[in-house]
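Single chain ahead, by itself, as structure tokens, in the form predicted alone.
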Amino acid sequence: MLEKTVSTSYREGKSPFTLSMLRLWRNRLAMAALLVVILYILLALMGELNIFHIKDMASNNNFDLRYMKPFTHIEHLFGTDNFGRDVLSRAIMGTKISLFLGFVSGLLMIPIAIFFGSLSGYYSGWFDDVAMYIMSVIVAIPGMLIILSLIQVAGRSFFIIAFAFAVTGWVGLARVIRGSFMQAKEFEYVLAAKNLGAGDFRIIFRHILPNVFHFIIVRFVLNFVGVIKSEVFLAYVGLSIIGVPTWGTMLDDSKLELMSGNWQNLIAATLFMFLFLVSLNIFGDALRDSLDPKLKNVV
């Protein structure tokens, strides 16, 4: 009884969002994963600002330093590639590209998914039929085929590739939101809000959408993973971004280097991808659990 009283007093006066952040803060593994993600963001900023000449070492050719082995020189910790470029610097610059594509495609994908998913689930009727038809058409076409077509037609710029990923990635989230709205609109708190005179806009965005926000978080994280994997495939077929180092282009370059016993690009790109994706998945899962409305009374 005493423990229950202390727990109740501890939660008293705190908003649901504050309680969610407290649950997240107590998850040590999630905090460690967040630190890794923040480190990647800082590395991307360092590369963009050319701190320690990262951008220069990633792009300048120096044939006198070709195929330098890893851990043999302090200035080239991961060695150099066939053009004498620093492999670690190229991996850091690839971090910037991956973060950009993941964030931009996610920011483009989420509003589309929320629009179609929430309205079709809440109103049903003809809008639901139209939305489901659009989703079915997109799902019926292989996603990579749509991405390749858009890139071939519009070019290989940052925004075009990010937009192509968003076009193929919003359907899954929209279906989850639609199903959640179809259930939630029959719940008592929604019916009570209607009886009190709340408008549809307030019910959708104030009452129902916060209860499915954890699904959006998970999908955003999964979209990050999918974008990075897709970029690797685009680099493999020669359709990635031109003129900038990415993890995909590094893995593509390693195909020719492995035969000569040079593993620098493969090791660096794989290690950077692995640590980032694992950390992002761990933090995303923990954030989803902390924002889950079913756990709002658990600290």
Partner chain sequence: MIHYIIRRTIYLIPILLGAAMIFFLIFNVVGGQDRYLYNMLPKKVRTADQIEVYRHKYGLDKPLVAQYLDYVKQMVTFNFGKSESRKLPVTRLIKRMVPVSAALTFPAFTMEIIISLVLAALCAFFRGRFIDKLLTILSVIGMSISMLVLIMVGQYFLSYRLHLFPISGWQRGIYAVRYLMLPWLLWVTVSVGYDIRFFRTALLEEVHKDYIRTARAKGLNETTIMFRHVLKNAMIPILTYVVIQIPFLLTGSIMLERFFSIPGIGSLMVTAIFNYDLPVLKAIVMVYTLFFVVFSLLTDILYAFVDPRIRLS
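Since this is a predicted model, take the numbers as computed values, not measurements. Positions refer to the first chain, counted from 1.
From this point on, the text means the form predicted in complex with the partner chain, which you will not see here.
Heavy atoms of Ala192 never reach within 4.5 Å of the partner chain in the predicted bound form, leaving it off the interface. Contact annotation for Phe52: none of its heavy atoms lies within 4.5 Å of the partner chain in the predicted bound form. By the criterion of a heavy atom within 4.5 Å, Ala32 is excluded from the residues contacting the partner chain in the predicted bound form. Proximity of Thr72 to the partner chain in the predicted bound form falls outside the 4.5 Å heavy atom cutoff.
Figure note: of the listed segments 143-151, 92-100, 194-202, 178-186, the one touching the partner chain in the predicted bound form, with heavy atoms no more than 4.5 Å away, is 143-151. Of the residues given (Met68, Leu251, Ala58, Leu43), Leu251 alone sits with a heavy atom within 4.5 Å of the partner chain in the predicted bound form. With the partner removed from view, the residue among Leu77, Val139, Ile112, Val104 that has a non-hydrogen atom within 4.5 Å of the partner chain in the predicted bound form turns out to be Val139. Using a 4.5 Å cut-off to the partner chain in the predicted bound form, not one of Val36, Phe224 and Val244 places a heavy atom inside that distance. If you take 41-75 and check each residue for a heavy atom within 4.5 Å of the partner chain in the predicted bound form, you get nothing at all.
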